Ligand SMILES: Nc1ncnc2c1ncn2[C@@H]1O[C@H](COP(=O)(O)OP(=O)(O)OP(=O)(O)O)[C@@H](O)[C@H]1O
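Single chain ahead, by itself, as structure tokens, in the form predicted on its own.
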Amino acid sequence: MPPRKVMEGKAKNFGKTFSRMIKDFKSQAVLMVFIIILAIGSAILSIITPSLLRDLLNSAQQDLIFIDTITGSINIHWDVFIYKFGVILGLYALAALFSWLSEFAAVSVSARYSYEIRNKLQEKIDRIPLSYFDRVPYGDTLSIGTNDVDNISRNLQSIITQTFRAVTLFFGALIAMLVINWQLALVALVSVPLSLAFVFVISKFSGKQFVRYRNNLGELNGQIEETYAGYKIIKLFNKEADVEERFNVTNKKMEKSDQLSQYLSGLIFPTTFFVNNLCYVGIAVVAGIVADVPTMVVFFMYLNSFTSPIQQIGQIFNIIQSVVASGERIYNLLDQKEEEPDKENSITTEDNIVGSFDFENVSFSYTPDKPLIENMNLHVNAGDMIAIVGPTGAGKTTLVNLIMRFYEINGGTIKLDGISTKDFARNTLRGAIGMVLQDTWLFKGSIKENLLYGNQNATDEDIINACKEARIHHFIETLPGGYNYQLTEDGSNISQGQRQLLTIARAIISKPKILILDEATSSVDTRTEQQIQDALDSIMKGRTSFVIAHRLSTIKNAKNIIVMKKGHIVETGNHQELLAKGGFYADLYNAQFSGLNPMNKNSENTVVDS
């Protein structure tokens, strides 16, 4: 298989990705409009209140305060005071309520969007071919489905609400200032180009670091996943120091990109704050010449509403850079080429499947520049046991993967009962085949749940009989809870051999018409292997069976043995016939006893009689 490469996460096309993300909100358009109206309403109310406060200050002497001509005391019209200040406080409260409602609704939009994206990713992973996972590390794919989706979810609500509120505040405050005093408004406008220049220059550099951080995070997750999966091998070869060094290098790159992105984006606030303070000074000076004190006070309030959106927009732009970087990684996965869809009139029932196979000029390669299987022709009768042998890399596992349509062939045809396997629905084809792999896989749950994975309709009697055939029933009975014993992740609380016996039992329970065994007894002792072999011989009767084996002594009874070398079938026949030929199979067989290297052309073709 080709080496895996970390997926690129750089936002190569910001506009296209951003536009695509916007389109994904079509299903929530009504709620989005509601959020926008609330955000704009909150901003408008925040703009109106300073103007009311100015009017209140200007009319204070006439409407609120009066001097008693007899006593000379200063009195207040409390009814007018309470009414006017009550209106102002009410508007501020209403603005806060609108802001809270918009945030609350935005949380719902964000959560729904994340839910839909996670579903799309899961559905996509179910449809993409296995070749994708040959190229892309599991940790990087995991990072997309967790970290990138979470990054969008956490930041989406602030983007939705703050963007419209900030824009409304900016233009609303500008209009209000121009109406009140255009000279002071011009002073405030001077700060805009300078602030925007700082914002966009800083955002340009910080955006690159956000992208780099997302990539480093995906790489680090891949290393962690790989380390935990192979921690025994790491300890076996004393590679802890090397793993730590590799981890530290990636972690350091991630730390650097995180620091730079946060440091650069953090510069936006102090720089714009400095520009705003200069603007305050300018307004104070000009207001002393062309305006009164109430106008200057209200202008300070408007200036805050005018300049804070620039800071917010800068922060939002940085957030958008990070979100779009995550979005592009997500869309990169969603755009991966999928398995060819089943034909419209594909066969969807297993009832008529017998189990004969024909390979007609089949060619396949994982990568175009490295051919593996070329022009293979093979006929397998229904009910035959076919053993597939050959050195590592000969194409044995690839052959059964092609039968299962885990990969699509590049040329030729594979027929099941005279019908191209492409004419069967994948669920039907794979449902008719039971497969036991060398690498066992069990999920966290009870033993019974794991056994039922292949056939949910199996009865307790079916489960027990299958486990007895697989020589695992007695062991299960000794466990606390028996068949309800809880396995940990990947079944790590039982031995490798016991896990393999469970997978064999699981295949038996599925009652397949075709059986594929890929080194199914490689992790058990010799005595247990013989017992399982006897059980498998019984199970394989009447079923077409493909058995991949390195221990050639286990496939002596195969009706036909296919010998593969470098993707080609070099010999076929039964055990005795192939030994008599004294060819490559004989070399392989003798090598297990004499230590000869069958790949060495100078090795003697000494035949060991069975």
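A residue's number is simply how far along the shown sequence it sits, counting from 1. Small disclaimer: the values here were computed from a predicted structure and weren't measured.
One more form of this protein should be noted, the form predicted in complex with the named molecule, which is absent from this view; the next part is about it.
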**Message:** Between T397, N332, S257, T295, only one gets a heavy atom within 4.5 angstroms of the named molecule in the predicted bound form; which residue is that?
**Reply:** T397
**Asked** Considering the named molecule in the predicted bound form, which of D460, E408, D134, D439 comes within 4.5 Å of it through any heavy atom?
**Response** D134
**Complete:** Per contact check vs the named molecule in the predicted bound form (non-hydrogen atom within 4.5 angstroms), the hit among 499-507, 397-405, 450-458, 182-190 is 397-405
**Asked** Wondering, does T478 line up within 4.5 Å of the named molecule in the predicted bound form on heavy atoms?
**Response** no
**Request:** Indicate whether G86 is a 4.5 Å heavy atom neighbour of the named molecule in the predicted bound form.
**Result:** no
**Asked** Though only this chain appears here, would P341 touch the named molecule in the predicted bound form if you measure heavy atom gaps against 4.5 Å?
**Response** no
**Partner proximity in the predicted bound form: L372 to the named molecule, non-hydrogen atom cutoff 4.5 Å** = yes
**Item:** Within 362-394, the residues that have a heavy atom no more than 4.5 Å from the named molecule in the predicted bound form
**Value:** Y366, L372, P391, T392, G393, A394
